[in-house]
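First comes one chain, alone, set out as structure tokens in the form predicted on its own.
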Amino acid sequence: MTTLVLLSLLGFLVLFLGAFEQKKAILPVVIAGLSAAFVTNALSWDTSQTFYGMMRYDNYAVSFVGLMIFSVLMIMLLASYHFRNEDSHIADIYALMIFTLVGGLVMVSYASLVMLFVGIEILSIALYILAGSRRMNLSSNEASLKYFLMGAFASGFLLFGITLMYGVTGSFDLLVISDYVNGNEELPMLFITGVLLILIGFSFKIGAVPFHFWTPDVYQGTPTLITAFMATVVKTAGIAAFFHLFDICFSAIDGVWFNILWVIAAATILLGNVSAVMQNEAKRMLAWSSVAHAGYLLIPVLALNELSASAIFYYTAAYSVASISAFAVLLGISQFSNEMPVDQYKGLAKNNPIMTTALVIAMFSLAGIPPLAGFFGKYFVFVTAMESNLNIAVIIAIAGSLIGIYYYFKPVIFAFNQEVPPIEKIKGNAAFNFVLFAGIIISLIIGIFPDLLANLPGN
């Protein structure tokens, strides 16, 4: 709970600094505040606390909150490079990113459906604004409008599902709902409808098929830095909240939702990878890649066994580190443009060895090439699935991974192309270079030593 209060105060402090034109102090304060929040979160390990039946801060929440804070730290360091020539509205953007993180924290530690909805809305409303933060850019405005309209529609499904759940059980408390499910052999149709509506709402939040249509356009139109934020922090919060609810409340009635979610996961993996192959624009390719990874993350939710939480955590950690590195390289090449053809990576390697190394490690990790973190992320997901006899789902996931190798290797091949004039040396600041180095080292370390993260979360 201390972490939640600290992050909330940090967001307001950043707004005040912006109001009093203390712009040089904003980023150091943000970095210091996030670092302090990371430490206070880590100190909450093994000290499970429940707050008035609304939030439960246990090791599961601590693990995912720590991952999200770390991801935001890396993205804030990239922000120092991204906004190096801008002064206006910086405080607003940083504050909105922090408030989004607060929403994510609530989403992974809720003990009541009320807090789940509050967390999703805190996260979503801030994101709608961030997606349109380049006010004079038409594609950014379009991304914000599309995200808002689709997000509001999905929130309606989620809220209606929560309402039906309350109408049947008389409570928003997850444990009360779980007891109701376990104590009734036949559940009323209203309850089952509520479960399916909540499933639809979550599927939208993580960009799963067929509720994914917003993802490519929104990712492309949104400023690259915010796209990196959406692809990592938001997806981590969404899948962690998804698993948390289904693990506690609906594991005993998997016959209601299992087949539907199985089809969603399979379709998400296949459509995401096949669509990514056909993209010639880097951000759209990464957007479809994000859709495909949502499908992989749904497999542990399907399995719903004792390995699922650890598999989801490790996978989201590996995916977040690789994605931040990939977007950092994209940010360096594309500067402020929202559009970048994949072939613009051509000639990167000659004058930019660090960026090229970060690109290679990121793409290979996302593709699942050993011994990088992404390989073991998929390995843990597959093991979790096979523990629950989801062998066909594993075969589909492996097929999707093989398809993914093709489009992940495209930027790497272009980068080493020597038949074109090389890209001039891109001069990143110290923070930008630190993120590149950190992405390389972390992907290697947690890939070579997967046990460092594999057993962290607990339920």
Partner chain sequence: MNPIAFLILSVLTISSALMVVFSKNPIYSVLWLIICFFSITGHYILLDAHFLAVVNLIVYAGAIMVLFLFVIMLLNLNKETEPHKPMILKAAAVLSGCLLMIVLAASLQGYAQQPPAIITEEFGTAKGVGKVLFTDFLLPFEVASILFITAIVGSVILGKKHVND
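In this text the structure is predicted, and so the values were computed from the model without any measurement. Residue numbers count along the first chain shown, from 1.
There is also a form predicted together with the partner chain; it is not shown, and the following applies to it.
- Under a 4.5 angstroms non-hydrogen atom cutoff, the partner chain in the model of the complex has E121 among its neighbouring residues.
- Not displayed here, the partner chain is kept clear of M278 by more than 4.5 Å at the level of heavy atoms in the model of the complex.
- Remark: F51 counts among the residues lining the partner chain in the model of the complex, judged by a heavy atom distance of 4.5 Å or less.
- In the model of the complex, G272 stays away from the partner chain, with no heavy atom inside 4.5 Å.
- Only one of the listed residues (V342, A303, A126, V181) places a non-hydrogen atom within 4.5 angstroms of the partner chain in the model of the complex, and that residue is A126.
- Just one of M150, I354, L164, L225 comes within 4.5 Å of the partner chain in the model of the complex, counting any heavy atom, and that one is L164.
- Here the chain stands by itself, but in the model of the complex one stretch of 288 to 296, 111 to 119, 316 to 324, 203 to 211, 111 to 119, has heavy atoms within 4.5 Å of the partner chain.
- No member of the trio G347, K350 and K425 reaches the partner chain in the model of the complex with any non-hydrogen atom inside 4.5 Å.
- Taking a 4.5 Å heavy atom cutoff to the partner chain in the model of the complex, the contacting residues in 1 to 36 are M1, L4, S8, F12, L15.
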